[in-house]
Structure formats: C-alpha cells, structure tokens
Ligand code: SAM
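There is one chain below, alone, in structure tokens, taken in the form predicted alone.
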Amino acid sequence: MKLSEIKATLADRGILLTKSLGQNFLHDQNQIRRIVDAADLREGEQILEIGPGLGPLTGALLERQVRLTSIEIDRRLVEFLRDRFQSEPLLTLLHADALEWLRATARDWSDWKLVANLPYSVGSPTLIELALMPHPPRRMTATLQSEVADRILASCNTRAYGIMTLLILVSYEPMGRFKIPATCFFPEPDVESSCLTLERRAKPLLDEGQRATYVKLVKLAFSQRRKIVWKLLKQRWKPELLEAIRIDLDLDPMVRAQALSLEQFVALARRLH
C-alpha cells in the first residue's frame, strides 16, 4: 500500500488519525519486505500481528501463505480491513485492545511468531507481556521506537539497561536489527524507529516457578536505581539468606542493580526461589 493510497483511503473514509494510539503507518515497500524477510516465514505458520492499521504489512504477510491473526483497536480501521481482506481465508481479524486480549487469552504461543509494526504507545508492554508468557512465541519481529530497541539490547552498567532488558532477554536472544527512517511512515513520527528480531532461547534459563521469582527480583532491584541492591531486596527476603547467597556468588556488597548482569540475576533468582 503506497503513501498515495494511504492518504486517499484516510480522506475517502474521513479518518483522522489518533496520536494517542501511536498511529504511524509504514508505507515503504522495501522496508515492509525487509520486515517480512527478517521474520523468516514458512507457509502455514501461525503469525500474530498487532496494530495492522490499513494493512500494508498484513497484505505482505498473507502473500507468504501464513495463518495470520491481526488485532486492531480502532474500529474504523477494522471496518476498512474487513472490506480489503474479505476474501482472505487465512486471516482472522480481531477488534480488540491487544494488551487486554493477550492478558485474557490463555494460549500456547510456542509455535507462533509475532510480526508487527507495533504502535509506539504499546510496543514495550506488548513485548514484555509476550516474553513472560508460560509458552512465548518462538520468534518476534517488531518495529519499535529505536529508544525501546536500545533498552532491550542494553548491556549492564549502561543507562538504558534495566527492567525491560532483563524481562525480555531472559526468554529471548537478539537476532538482528535495522533502522527505518521516519520518512517511511505516514504521518512521519518525531522519533527514530527500528525493526528488531528476537528468537526464543533454545533452552530456558529458568523454569516457570524460578521465572516468577526472577520477575519480582528484577522489579524490586530496579525500584530505586541509586540504592544498593541488597538493601532493596531485604524488603522481601531475609538478610541472612541474601548475605549467604551474595557470598556464595561472590557479588559486591555495594553493588547496584545496573551493575548486575543477566546471568547474575538468573543465578540470584535460582537461589532465592
């Protein structure tokens, strides 16, 4: 779907885009092909798309003969998509708030892939929600604000490193990233965008029970970034237990959360669990 077609469709239907929904539609066909290629699709695979907008990526995905579930929150766009793709038997189109729908839907996502130009307003919570599922998607290829991608890929002891990094990378490994210029969207966003691909780890770092402890640990450790980790963790775990684990793992008594690596948080979670 070219830029001229997007503008004409919005004008013909009298649709004014809503900034709060993060509605910036990708129209550059080369970038759409790059996203689809990054997803490494196979015919018949189950794909989840969130925020299809007017469907430029939707159409490109359906050309690969995948079974596609697309979730759109804007009723006006859902009506357009139903008209545009009415003869597509492989498409299931849902009118819903994607985050609410994911939280209310108990499903094994392990054979699914996410491929989406995620609305900027829900990009990070959507990826975290999927990453923390008991059975998360095996691959996620998503367009996000570059700042969000930076935070996901951040190394410890950097400003961007934090809760998002640790909650996503405990389940996924980065497979690739490329930037998408603002001129490829309509309307042009005020932020930089990147397409990020994440592959589910072949072997989980934590079992389900340990992962629940890990989430609590990470959130508490970063609740006050400037404070020493052990002082924060005493709110939940006994001081003598924390000290024994600290000594056993040879961790600094004055360490702050941003200086602990993913592997160290995983080791802590295993012991605390």
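Values in this document were obtained by computation on a predicted structure and should not be read as measured data. Numbers for residues come from their place in the sequence shown, where the first is 1.
What comes next is about the form predicted in complex with S-adenosylmethionine, which is not displayed.
Among heavy atoms of residue 136, none comes within 4.5 Å of S-adenosylmethionine in the predicted bound form.
Residue contact with S-adenosylmethionine in the predicted bound form: residue 88 places no heavy atom within 4.5 Å of it.
Taking the partner from the other structure, S-adenosylmethionine in the predicted bound form has no heavy atom within 4.5 Å of any heavy atom of residue 130. In the predicted bound form, S-adenosylmethionine sits within 4.5 Å of a heavy atom of residue 97. Checked against S-adenosylmethionine in the predicted bound form, the candidates 218, 39, 47, 26 yield a single residue with a heavy atom inside 4.5 Å, and that residue is 26. Listed residues 180, 73, 196, 166 were compared with S-adenosylmethionine in the predicted bound form; 73 is the one with a heavy atom within 4.5 Å. Contact with S-adenosylmethionine in the predicted bound form, defined as any heavy atom within 4.5 Å, is confined among 51-59, 240-248, 206-214, 224-232 to 51-59.
In the predicted bound form, 117, 118, 119, 121, 122 are the residues of 113-139 with at least one heavy atom within 4.5 Å of S-adenosylmethionine, listed from first to last.
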